[in-house]
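Okay, so here's just one chain, in structure tokens, the form predicted alone.
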Amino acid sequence: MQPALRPSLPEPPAQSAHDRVYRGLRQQVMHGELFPGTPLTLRGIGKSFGVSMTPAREAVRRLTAEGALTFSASGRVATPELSNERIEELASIRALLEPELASRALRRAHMALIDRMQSINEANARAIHRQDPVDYIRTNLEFHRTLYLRAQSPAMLGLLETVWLQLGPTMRALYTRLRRTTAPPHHRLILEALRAGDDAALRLALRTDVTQGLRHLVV
């Protein structure tokens, strides 16, 4: 007797058009591909992603709710131009969340993690050498996120990524202003603190790293 066949599992649903636009545009904003105040149109977004205006509109709605885009009363969509007060507020949030996430991650850190972060930091240095601001921002965030994933605190990391998202265009402006030629010095101190298992040094290195750059934008 032949065994009864199990019903086949349903095919996973294809990524919806608006979700694809949302994720793609979200990445562009977070990684600084767009400068502060860059105007966007639903038609232009739709054309860029090969979709109609409806999914483009839904993606813009979600990103506006996250603070990644602004939507004026006249219907103008743009990347945010942050005031000094807003920059300081977001930097303060980073200074609170990131040392805490790093501290929680330290309990679960291992040499493979540290080696992975070292490799990302080397990629970050190469991006600076190439004067590639988008890859610099991307690898910089990847360096931090790789550590924070070990904290196993998804709600806290989700809040932090919303802050990163709002700061993406501002970080691009910061890179342009500073014209970096070397990797962030505090990444080395972060790696040293992880190797030593030094919580206090790790917190200090993180707090300094996430606040010193943004301070250059506050005039």
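Don't overthink the numbering: it's just position in the shown sequence, from 1. Everything numeric here is computed off the predicted structure, so don't read it as measured data.
The same protein also has a form predicted together with another copy of the chain, omitted here; what follows describes it.
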property	result
Within 4.5 Å of another copy of the chain in the predicted bound form, all of 86, 92 and 153 (non-hydrogen atom)	yes
Residue 138 within 4.5 Å of another copy of the chain in the predicted bound form, heavy atoms	no
Contact of residue 58 with another copy of the chain in the predicted bound form (heavy atom, 4.5 Å)	yes
Contact label in the predicted bound form: residue 100 to another copy of the chain, heavy atom within 4.5 Å	yes
Contact flag, residue 28 vs another copy of the chain in the predicted bound form, heavy atom cut 4.5 Å	no
Region of this chain that lies against another copy of the chain in the predicted bound form, out of 189-197, 31-39, 44-52, 158-166 [heavy atom, 4.5 Å]	158-166
